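Read the single chain below, which is given as structure tokens and is the form predicted alone.
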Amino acid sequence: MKTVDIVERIEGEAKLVCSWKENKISDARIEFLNFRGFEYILQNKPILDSLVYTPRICGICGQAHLKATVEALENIYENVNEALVITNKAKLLREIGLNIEIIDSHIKWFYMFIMPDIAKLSNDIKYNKYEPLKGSLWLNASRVASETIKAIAIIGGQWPHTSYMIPGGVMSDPTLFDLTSMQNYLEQAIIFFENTLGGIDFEEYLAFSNMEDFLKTNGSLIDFKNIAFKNNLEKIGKAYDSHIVLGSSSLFESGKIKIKNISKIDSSKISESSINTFKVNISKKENEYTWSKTALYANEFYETGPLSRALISNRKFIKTIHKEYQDSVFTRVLARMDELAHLLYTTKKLISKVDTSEPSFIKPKYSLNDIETAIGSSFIEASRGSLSHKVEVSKGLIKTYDVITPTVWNLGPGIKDKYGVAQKAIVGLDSISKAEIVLRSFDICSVCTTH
């Protein structure tokens, strides 16, 4: 038997095609059928145009794509021995903008995408508050996320699709009043965490180290845990339990984990495969079923995202939960909400460090148009995981542009007899509703996947 489900309430569209044997999923394919082609669109465009194009790859993580682009362009300067000077103020404003985008995404993902599906597993009417478009918590979370994201508009001029980061710094010069306004927007999100998501004092939550601490929560997190445990979500959704983080920041460390050993990243071992991917202007072969490519490190599959970041950065609470429940749906979801708390705390501290007397931008001595040929690359942590950009420039024009998104790592197709990360997490389940929840636990983004 084969079932085909259209996965809704995501960025773009996706199909989950499952084969069944003895009432269990024996095979799963995640199909992304809408080609976008940003890498082709960028070819032969003026190099600085990439700062306008790439933030439009995704409506959720445009800041991440912008930061990845600007740092790839600055890497070009480094590779021709003309490294730019970036002030601490500019670095802070870039990281603050990216963090706020991730905070907004985490709130929306939990309340608007995965929690409505998890609540459906229970018949208890008290969980109607998570119903899309109607539930009180769904509506409240939407309001809080919309307020929080306004903090980006203060430094970026707009959201989404801002292009305020450029080689040499940022085109933003916030006043003390602006920075105070940003702090106030984040404070609203912290109050929401205390009153609604966690139901516990914010500082007390940040000191959590084990499950006993977690059981003190009294908000949506405990609703999630209660439904999750009644439906064995702490036992399902497990993939390879190998993790990779390519970017680093004030909160995140880069690295990879395979069989509990943390090691450094060698970027030369990152590769993309298109064995099962449609090709532009070429008739599809029998084995090709998606526009998504496959991302590999040393020819192995790795999961990327908030759980991977928590493990590699040694956040004690999530490491304790992971030791008990591994890379299950429960651990993956909890890691993302735990990251929300730490991002709120870290970002408020970063805003307080901005020195308004520093310059935001130092003009490069040379134009990228003056560089004959060069290559630049960057690694960023976006809301869903690691994002990499690589650009080759020739006489001021883009020769090639390659993007590997977090969703390609997590949702890309398997190769030969080895499943991709999300495929492996789904195969063996006995319910299509649980299969969709497992898929959502990675946060599906079709537009990023098929960029």
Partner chain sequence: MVDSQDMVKKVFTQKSARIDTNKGEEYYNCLFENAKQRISMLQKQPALKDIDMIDVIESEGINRRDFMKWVSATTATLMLPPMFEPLVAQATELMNRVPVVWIELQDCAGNSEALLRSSAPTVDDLLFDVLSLEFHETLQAAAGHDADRQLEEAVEHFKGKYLLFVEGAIPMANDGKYGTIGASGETFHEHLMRMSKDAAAVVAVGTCATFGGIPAAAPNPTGAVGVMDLVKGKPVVNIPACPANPANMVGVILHFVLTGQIPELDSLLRPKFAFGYRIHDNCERRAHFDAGEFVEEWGDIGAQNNWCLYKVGCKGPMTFNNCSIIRYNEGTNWPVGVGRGCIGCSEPDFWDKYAYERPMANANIKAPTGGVEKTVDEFGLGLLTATTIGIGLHAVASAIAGKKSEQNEEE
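Residue numbers count along the first chain shown, from 1. All values derive from a computational prediction rather than experimental measurement.
Keep in mind that the form predicted in complex with the partner chain is missing from the display, and what follows is about it.
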For this session: Please check if residue 266 has a heavy atom lying within 4.5 Å of any heavy atom of the partner chain in the predicted bound form.
Result: no
For this session: Report yes if any heavy atom of residue 339 sits within 4.5 Å of a heavy atom of the partner chain in the predicted bound form; otherwise report no.
Result: no
Exercise. Does the partner chain come within 4.5 Å of any heavy atom of residue 139 in the predicted bound form?
Worked result: yes
Exercise. Counting only non-hydrogen atoms and a 4.5 angstroms cut-off, does residue 147 reach the partner chain in the predicted bound form?
Worked result: yes
For this session: Please name which of the stretches 280-288, 229-237, 186-194, 343-351 has residues with heavy atoms lying within 4.5 Å of the partner chain in the predicted bound form.
Result: 280-288
Problem set entry | Contact test, all of 65, 199 and 315, partner the partner chain in the predicted bound form, heavy atom 4.5 Å | no
Exercise. Tell me, which of 171, 92, 84, 296 has a heavy atom within 4.5 angstroms of the partner chain in the predicted bound form?
Worked result: 171
Problem set entry | Selected contact from 121, 153, 222, 270, since only one has a non-hydrogen atom within 4.5 angstroms of the partner chain in the predicted bound form | 153
Problem set entry | Within 27-57, the residues that have a heavy atom no more than 4.5 Å from the partner chain in the predicted bound form | 33, 34, 35, 36, 37, 38, 40, 41, 45, 46, 48, 49, 51, 52, 53, 56, 57
